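Next up: the same protein chain in two forms, each one alone, written as structure tokens (structure 1, then structure 2).
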Structure 1
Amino acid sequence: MDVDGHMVSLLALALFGVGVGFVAGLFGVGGGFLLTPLLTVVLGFPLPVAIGCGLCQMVGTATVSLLRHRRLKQGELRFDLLMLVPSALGAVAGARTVQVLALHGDVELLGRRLPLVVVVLYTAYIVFLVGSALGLGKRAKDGVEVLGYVRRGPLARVRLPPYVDLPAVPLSRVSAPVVAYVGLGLGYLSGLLGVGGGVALMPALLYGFGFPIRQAAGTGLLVLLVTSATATYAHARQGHVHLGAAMVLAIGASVSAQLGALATARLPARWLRSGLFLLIAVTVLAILYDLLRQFG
């Protein structure tokens, strides 16, 4: 398959889709944090096209994961609804940022000419993923693992009305504006980096609000669906979506996402956290390798 002048193996694309779909279902994330950088590093996709294709396949993955987690009664729908509109606005702003960076051309860095979009977005990926990994690696001060039960976090203690109760978690009197601002930030990340935002949302839910990990895995998927669809449309208008590649990725991901969602209910919380932490670390190393290769 020809993707913007690069020949790409259909089998490799399908395998990437299967792997990312399983991750999406297992951890309640879009998988874009893993797929988008690796499409660029491993398969040679131009970065803006990798972002657009990653977002497009996430529409299917998010739909399947959302339906499966709803059947398992995992997730807090009220939280999702509060984030919907802000996250869609953020996704459009993020996609516009990518377009501006892509049109800027090359910059000189340490004696090398590199596309500005690659320099800025790779740096953003590393900062974003390292921050997420640190958040997931955080433990309670008393040394007790908090991923399996409710423990009210600092974001849930903010006193900014109006308030909303989240009975599925359960948490009461959570600030609705704080939830909306979280959605705005996640939407921007989705449009900018081609990530669903779930990998950033998970630490926020676990340690910012105090969700148990299984409820956290099922929360945010409706927002992921809306933001990925909005950002896909915005990127498609800029020519950053290769529909054939995205469809191959989506078919594999939609099937394996169901298996990942089922596995969530069967694996210990500690294993889930460790697995997501490891995936983030591998992605950061892949990005650093590609940057060093361009400077080499």
Structure 2
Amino acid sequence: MDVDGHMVSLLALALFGVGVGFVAGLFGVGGGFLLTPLLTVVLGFPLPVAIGCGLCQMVGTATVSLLRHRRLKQGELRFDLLMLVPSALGAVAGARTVQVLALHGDVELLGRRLPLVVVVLYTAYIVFLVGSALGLGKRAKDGVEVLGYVRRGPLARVRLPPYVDLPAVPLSRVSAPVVAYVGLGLGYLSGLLGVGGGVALMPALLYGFGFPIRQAAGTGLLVLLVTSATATYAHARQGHVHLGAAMVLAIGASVSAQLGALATARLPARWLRSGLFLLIAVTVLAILYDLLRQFG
């Protein structure tokens, strides 16, 4: 398959989709934070195209997750609705940033010329992945995932009117602008890095606002769908989405994600958390290796 002038094996792409889908199902994450950098490092996709394809296949996975959680009546829809417009704006801004970086060309770094888009986005990935690992580590240390009650977090205590009540959580008098800014940041991350932002949103909901784990898991999925759809559209308009490649990934991932989710029940939580840390570490090392290779 020809992806932006780069020949990619269809079988390798399908296997990649199956692998990432299984990992996503196993660890209960979207997988975007692994898929996009690894598409570039392992399969050699140009970075903007990897972001576009990652976002495009995410529209499918976000649709399934949203429909499933809506059926289970999990999540606070008001929170999603408050974040909706700012996150879509953030997604478009993120996609624009990628375009500007890609158009900027090369930059000289330590005597070598490297594409600016690679330097900035690889750095952002490493910061994002390390930050996510620290967030997950905090969750592991505090054992917050077993919390079934609401403990008002620092973001829920901000006094910035107008306020909104979130009866499904339940939380009252939460600042609507704070929720909107969280959505804006999430959308920007999604458009910039091609990630769903679930790994960033979960700590924000659990520790920032104090959501119980069940409500946190179901919240943000409507935003994820709208953000990934908006960012996909914006990237596709810039010629960064290869629909065929994205669908091969989506088909492989959608089947194996179910198997990964089934495997989760058979493995101890400690193994799962260690596995996720290991995966994040391998991704960071792969990015660093690719960066060093381009230096060499």
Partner chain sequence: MSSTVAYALACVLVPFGWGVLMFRAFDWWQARLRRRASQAVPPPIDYSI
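Numbering for residues begins at 1 and runs along the sequence of structure 1. Fair warning: this is a prediction, and the values are worked out from it, not measured in the lab. Here, rigid core means the biggest group of C-alpha atoms that superpose within 1.5 Å across both forms.
One of the two isolated chains is the form predicted alone, namely structure 1. Once the rigid core is overlaid between the two structures, T232 does not reach a Cα shift of 2 Å, moving by less than that.
L243 shows a C-alpha shift below 2 Å between the two structures [criterion: core-superposed Cα displacement of 2 Å].
For L67, the Cα coordinates differ by under 2 angstroms between the two structures after the core has been superposed.
The two forms line up on their rigid core, and A12 then has its Cα shifted by 3.7 Å between the two structures.
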